[in-house]
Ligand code: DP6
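Before any questions on binding or motion, here is one chain by itself as structure tokens, the form predicted alone.
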């Protein structure tokens, strides 16, 4: 796909008005099958599967101007405040995609990003931000278009991947898979594809209560964790496990078997942290409250029979997943048993979302 996108790249900004504005809202996602380890130009070592969230989103506003002596430069603000760390990441990303969008050199860009959720809250801000930014850039290229087809979203997913692997899945919304899988027709390492058709109607809305155990930045970043997978002793076994678990989860969803769904999702979550523990050097991101929450969820499920399970991102916070059918019962349990284990009683309630939304363009 990369060769195709370069060959069709627009050389200059003559097609654009003198100035304009684009705003995209794009969701974070929580991986059910985990992406861990990468190679080359942000390609995944194993396939992954995620659920996009409804309320936890990033809003990226991109303003552009042509008639200025600041052409080719970018100003970036996070929630209205200049942020050099974020700006460096944006600059690096725009440099990476310059060959696909050469007309950017003719523009002065102002980018402002904000989140509906707190930073370091166990919700992946890189996925939501980079997907929203990629959508803004792709919309800039198609500025005169009124609608956007599947090819547009495929390209946006490709571009989002270059900034953050998990961002490729946020472009599609609902349930999305990323990474080549031999038994999943159309799957690709270059962009995400929809997985929603494999989800039964009664499970296309799954609630996600994020129990914040610790809101501090992680002592080992996800980028560092991916790098440690390059020479990991269990690397090949992990790739095989992820491919197997994709099939297991497809079968569990198709048979509407929550017990099997829970088994795969929890296996993936704990395997992710087992890989961290067995890295060289190994490290631990789980905390005692994380273990206590997991134990409480499993005991509650055993006693109540409720459709509930947990997953984890690359941190100590716990995502409690449950069905619409179990909502009232589970949220009563969360309030009574899990809330006291959260940092400052902090819980983010969310659920499956429809995906990105173009908010403004003029």
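What you see is a predicted model; the values in this text were computed from it and never measured. Residue numbers count along the first chain shown, from 1.
Another form, the form predicted in complex with the named molecule, is not on view; read the next lines as being about it.
Heavy atoms within 4.5 Å of the named molecule in the model of the complex belong, among the stretches 32-40, 323-331, 62-70, 302-310, to residues of 32-40. The named molecule in the model of the complex comes within 4.5 Å of a heavy atom belonging to residue 223. The named molecule is not drawn, but in the model of the complex it has a heavy atom within 4.5 Å of residue 166. Among heavy atoms of residue 248, none comes within 4.5 Å of the named molecule in the model of the complex. The shortest heavy atom separation between residue 272 and the named molecule in the model of the complex is within 4.5 Å.
When contacts are defined as a non-hydrogen atom within 4.5 Å, all of 89, 126 and 314 contact the named molecule in the model of the complex.
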